[in-house]
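Okay, here we've got a single chain as structure tokens, the form predicted alone, with questions on binding and movement later.
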């Protein structure tokens, strides 16, 4: 089954299960497995990114190890308006805590601020405006961008070269921060030029389509820096179709499994990637600490590491 179809099925199932959850939990917190002590809502920005599918799986897996804990998942499908509606529905189901990975910062800030006045809120991966939440869990995207910039300088050397940057959703903080960190770093090397920025919204198909169009206009491309591995893979496929060889590809995420970042490095499609931890397990663990009235930090920064062919053995 192709990834796109898998994600569609997951999304449809999520909607169906959400409807069931609404019936099951609206009036009582009980299930066939017994009494539910803690009901957690997980508002996901989208399931179009494999990285987010893995995040949901890790949340589900971690929650399964804690008796009396249940998680209801929603999928915003990259729509900030739908995510606002999803959050409102979760509140209506009587959740005890909200975990949310915002689609975009600005549109989601008001609803998160509103929810935070009622129940604890954990922001996962993507920040909002201000600090009206219980805690934030995520990696340092600006640092990741800087690390990518240093890596690109090493790859291109003193001679430098032309770089195409493929970005995520413009309104999402990781896209902004990965770009700022990267550009600030490569500015130290005068011979490295970002000749084009393509906005692909984190999606492989978008990256492939846009890079394919750009390749018809420009042949002088030495390296592609993509804000995630799927977009890097999309660019690679576009170049192959156009018969363009010798382009270097750098991504971010470092997922295991077929076509994950680690696999792409192993197959020499990516020159390197940066493991971007999703924080799913940590979110559930901290959620339970919060619900047990334990003190938690306002911010938890997850560590990212560079992966190349020479360091694959350290993570496989």
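As the structure is a prediction and not an experimental result, all values here were calculated from the model. Numbering follows the first chain given and starts at 1.
Note that the form predicted in complex with a small molecule isn't included here; everything after this is about it.
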Problem - Contact of residue 86 with the small molecule in the predicted bound form (heavy atom, 4.5 Å) - result: no
Handout entry: 4.5 Å heavy atom contact, residue 75 to the small molecule in the predicted bound form
Key = no
Problem - 4.5 Å heavy atom contact, residue 202 and the small molecule in the predicted bound form - result: yes
Problem - the small molecule contact in the predicted bound form: residue 69, any heavy atom under 4.5 Å - result: no
Problem - Site test, 181, 183 and 304 vs the small molecule in the predicted bound form, non-hydrogen atom cutoff 4.5 Å - result: no
Exercise for the section: Just one of 263-271, 58-66, 286-294, 45-53 has residues with a heavy atom within 4.5 Å of the small molecule in the predicted bound form, so point it out. Expected result: 45-53
